[in-house]
Structures are given as C-alpha cells and as structure tokens.
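First, one chain by itself: the form predicted on its own, in structure tokens.
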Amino acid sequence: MRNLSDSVALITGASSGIGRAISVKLAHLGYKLCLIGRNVEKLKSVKAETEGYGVEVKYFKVDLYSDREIYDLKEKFLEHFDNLDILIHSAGEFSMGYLESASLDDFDRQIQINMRAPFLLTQVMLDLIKNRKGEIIFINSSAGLNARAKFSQYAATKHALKAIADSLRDEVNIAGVRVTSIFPGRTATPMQEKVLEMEARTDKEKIMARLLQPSDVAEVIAHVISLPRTAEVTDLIVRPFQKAI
C-alpha cells in the first residue's frame, strides 16, 4: 500500500457531485489533492472542507473545453506537487434528445468533456502517473454499457470513454499503472437533477433520495485504490439498491 503522506490525487469535476464526494473521501484517507473545476467559489468550498482533514489542497480553474488550459495545467500542477499518484476523471456533460432532432452542438460539447478532455488530460499527465506506478480512474456511466432512447449522444461518448480506458490499460499495465472504469447507475447529483427536469418528473425529491449517493461512489473508489498491487479492478458497475425510477 502506498505511503499516503506524499501521495497526490488529481480530480476533475471536483466542485460538485461525485467529484466533490471523491475529494472529501480521499482527503479523509490522507491524500494531497489537486481539485479541478470551472466554478471557483465551489472549488473554494471543497478546498475548505477537505483541508479540515489536515492535507494539502490546491485548486485550479480549468475549462476542459480548452486544449490550451489542459496543457497549461501540468505546469501549474508541478509548481505545487512533485508527483501524481491518482488521476480521476469525474467531470461530465449531459444532454438528451431523440437522434432525429438532437443538436450537433450539444453532441460536440459532450464529446469534448466526456471523451476528448479525459483523453488529452491523461496524455498530458501520464508520465507522472507512470513514475509513481499510479492509477487512473474514469467515472463512466451505466449509459456507457447500455444506451437507452434519447441517450444516444451521451451514451456514445461514454462507450468511447470505456474504449479509451480499455486500450490505455493494455498499454500501461506493463508500466505498473492500474486503470479502472466505474459505471454508476443514476446518482443523486446536480446532473441527475437536470435529467429529471428534462424528463418532467414531479417527484424529483423522492427519487433523488432513493438513488445512489455521491458518497457511495466515493466509497467504492476508496476500496478500488486500496487493493493490494496483485489485483486490479478493470470495470465496476454500481447501481441503486432499490429501483427508484
């Protein structure tokens, strides 16, 4: 098991939802944190909460739509940290609609955030991960395994993200790097609230209470990264215990 006193985790989408919950859990475990998001006020809030565990926390406002900002992130990161042990891709973009009428602009945004940005950020930070024989975790979605009506765009990007993770694993296992895809079912996040609004659900609060909670996913990740180095979780499905929808 790695020495957590100098272990660093970088989490995208850290300002809310699953990304925030992961940040809190890893801080509790003793990881130094690099938090990535677009909302500075929310990042400050996560920083204040996670610093309460006595760990070093830095945050950077990064627009994952911008290749330049992704490239620049590495230089900013290295100003504060000497190494990177865990890279967690939790940022996501969602839109739904029938294929015959869905917006190509919406599709392009999802391609950028859900697929292209994780690919590029992994490419940029991979040498640091290899140096530490670390791990890369992709927060995917149940839609990345099973595409339903009106989810064609989102599901396509998540299917592609699984392919990226699978190929990457085959490339970097030999370097001692573990790669895991997590496939949560519906989870009580701001994105899920948006989905329920799109579905015109009138019982939103009741549904949200019965869904997976972000902290549930964070607990799963804690178990994955704590495994002995003789084991690797490649794909893990997590779903609500009781059917909520």
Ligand SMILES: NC(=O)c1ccc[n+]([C@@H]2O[C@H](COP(=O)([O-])OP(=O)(O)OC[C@H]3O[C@@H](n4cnc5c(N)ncnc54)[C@H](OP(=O)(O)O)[C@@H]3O)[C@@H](O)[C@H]2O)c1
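One-based numbering along the sequence shown. The model shown is predicted, which means the values in this text are computed figures rather than measured ones.
The discussion below concerns the form predicted together with the ligand, not included here.
In short, of 154 to 162, 74 to 82, 95 to 103, 124 to 132 it is 154 to 162 that has heavy atoms within 4.5 Å of the ligand in the predicted bound form.
Within this chain, residue 63 lines the site of the ligand in the predicted bound form, having a heavy atom no more than 4.5 Å away. Using a 4.5 angstroms threshold between heavy atoms, residue 28 stays clear of the ligand in the predicted bound form. Remark: residue 215 does not count among the residues lining the ligand in the predicted bound form, judged by a heavy atom distance of 4.5 Å or less. Mapping the unseen interface onto this chain, residue 210 falls outside it, with no heavy atom inside 4.5 Å of the ligand in the predicted bound form. Although the ligand is not shown here, in the predicted bound form the stretch 30 to 50 places heavy atoms of 37, 38, 39 within 4.5 Å of it, in sequence order.
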